[in-house]
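As structure tokens, one chain now follows by itself in the form predicted on its own.
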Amino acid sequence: MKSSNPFWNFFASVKLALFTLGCIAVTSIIGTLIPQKEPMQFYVNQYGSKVATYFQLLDFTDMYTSWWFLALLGLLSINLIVCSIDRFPITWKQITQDNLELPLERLEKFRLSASFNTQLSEQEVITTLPNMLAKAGWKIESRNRDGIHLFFGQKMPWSRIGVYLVHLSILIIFTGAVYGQLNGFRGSMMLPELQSSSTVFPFQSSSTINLGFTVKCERFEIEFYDNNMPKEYRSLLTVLEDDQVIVQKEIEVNTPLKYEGITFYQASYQPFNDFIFTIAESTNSPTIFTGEFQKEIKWLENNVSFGIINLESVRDQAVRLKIWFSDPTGEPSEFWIDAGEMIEFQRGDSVYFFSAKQRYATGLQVAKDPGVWIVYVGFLLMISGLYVAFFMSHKRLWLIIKNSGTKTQIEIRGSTNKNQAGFTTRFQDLATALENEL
């Protein structure tokens, strides 16, 4: 609907929508080609100091939150809102109009038409037709106009709002993304085994974020390929509140822990130079110690001392450990074990269960995005809107009943706003079926 206001017409323009979408698509390539949210030194090393400076000035290193990219999204949002307001009244009129009041001259101009005569009386046709059309899925209305009986039926008039559902879904997605950006965060945690933390270090910020609860790394495990490259690593995490265990879950890449709207992703690891020892006497509960290479560790409760006196490693991974073990029953023992292997041995009357492994820290990426559910709703609405817009159509049918002497004439007119070819076939089939039955 053309307005006399040029400002309104500018924002209602389809050309503006195409231009804005084109700019967003082209500039998004920048975010694909240039790594985002890396330290300045990364860009200096990759592109040189001069280019890196330009990237920073133009916000190419964090373009999805840059003022100019958000301005493009804002311009597209305004364009969608104005376009919808400008065009929706016409669509609403097409949905709600009284189709039985359309001029007969206009109906005669419809491309889809058929007519036939029947031996039934006009009253018999008027009585029979509604039931026949109802079986075919048409909701029928009727009216007598100037001695001519007119029937009207339609299917899916609401399919005309499909495009507006898509417009609304885009606005909802934008809203969710902006809300998540303003109220969420992305950061990292480096948790050594057996240690806990309630603090996240957000990316591109020197401040810290308090989670409001504590995350503890109970255990970290890593597997390697034959060439000693990391194959798989996983962490057993525990969430604690007031020293009470709330959640415990083993995570690995693509299997995160989620709690209170915050997601913990397995992202990296870091080997340490100290070790974790698990020791138990007979069937008693095991006790866990941490200690350094070639440093004596004492289990005072049982008057036991032990430590690692030698090791075999591949790259930064200790794979075999030589253990020194002493208790009051005799001379110290020395033996080799595989890292992480639990062994059983006896000294005097005591049976010991013992294992040792290199200590690791698990690297976690931590993300909170409170707008993600808004985005999900937007995408579901978009899928629904696209389905309605492309695969559903507003079909309309008129039947004009005329008395022509000893016969009754039936004229059929039809129209659809989409899929003209498909509706033409169904229209012809319906006309043929009516003629055969009447």
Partner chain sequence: MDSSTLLGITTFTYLFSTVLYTIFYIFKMDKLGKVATWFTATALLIQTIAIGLRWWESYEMGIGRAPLTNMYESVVFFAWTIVALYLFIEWKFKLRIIGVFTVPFAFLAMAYASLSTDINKSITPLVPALQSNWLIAHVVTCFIGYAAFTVAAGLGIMYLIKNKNASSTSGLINSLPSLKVIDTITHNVMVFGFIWLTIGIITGAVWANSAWGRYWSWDPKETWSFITWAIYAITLHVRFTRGWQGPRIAWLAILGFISVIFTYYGVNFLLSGLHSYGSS
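Since this is a predicted model, take the numbers as computed values, not measurements. Positions refer to the first chain, counted from 1. The term rigid core refers to the maximal set of C-alpha atoms that superpose within 1.5 Å between the two forms.
Keep in mind that the form predicted in complex with its partner chain is not shown, yet the notes after this line are about it.
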The unique member of N210, N131, S206, N227 whose heavy atoms fall within 4.5 Å of its partner chain in the predicted bound form: N227
Answer with one of R160, K357, R186, H149: the residue that has a non-hydrogen atom within 4.5 Å of its partner chain in the predicted bound form. R186
Establish, in the predicted bound form, whether L21, I29 and E232 all lie within 4.5 Å of its partner chain, using non-hydrogen atoms for the distance. yes
Residue-level contact is defined here as any heavy atom of the residue lying within 4.5 Å of its partner chain in the predicted bound form; does P271 satisfy this criterion? no
At the 4.5 Å heavy atom threshold, is G363 in contact with its partner chain in the predicted bound form? no
4.5 angstroms heavy atom contact with its partner chain in the predicted bound form for Q346: no
Taking its partner chain as it sits in the predicted bound form, is F379 in contact with it (heavy atom to heavy atom, 4.5 Å or less)? yes
Work out which of the listed stretches, 48 to 56, 407 to 415, 367 to 375, 394 to 402, brings a heavy atom within 4.5 angstroms of its partner chain in the predicted bound form. 367 to 375
Considering only 145 to 173, what residues come within 4.5 Å of its partner chain in the predicted bound form, judged by heavy atoms? H167
Does superposing the core leave E232 with a CA shift of 2 Å or more between the shown form and the other one? yes
Fitting the rigid core first, would the Cα of S66 be found 2 Å or more away between the shown form and the other one? yes
Quick check: S393 between the shown form and the other one - does its CA shift reach 2 Å or more after fitting the rigid core? no
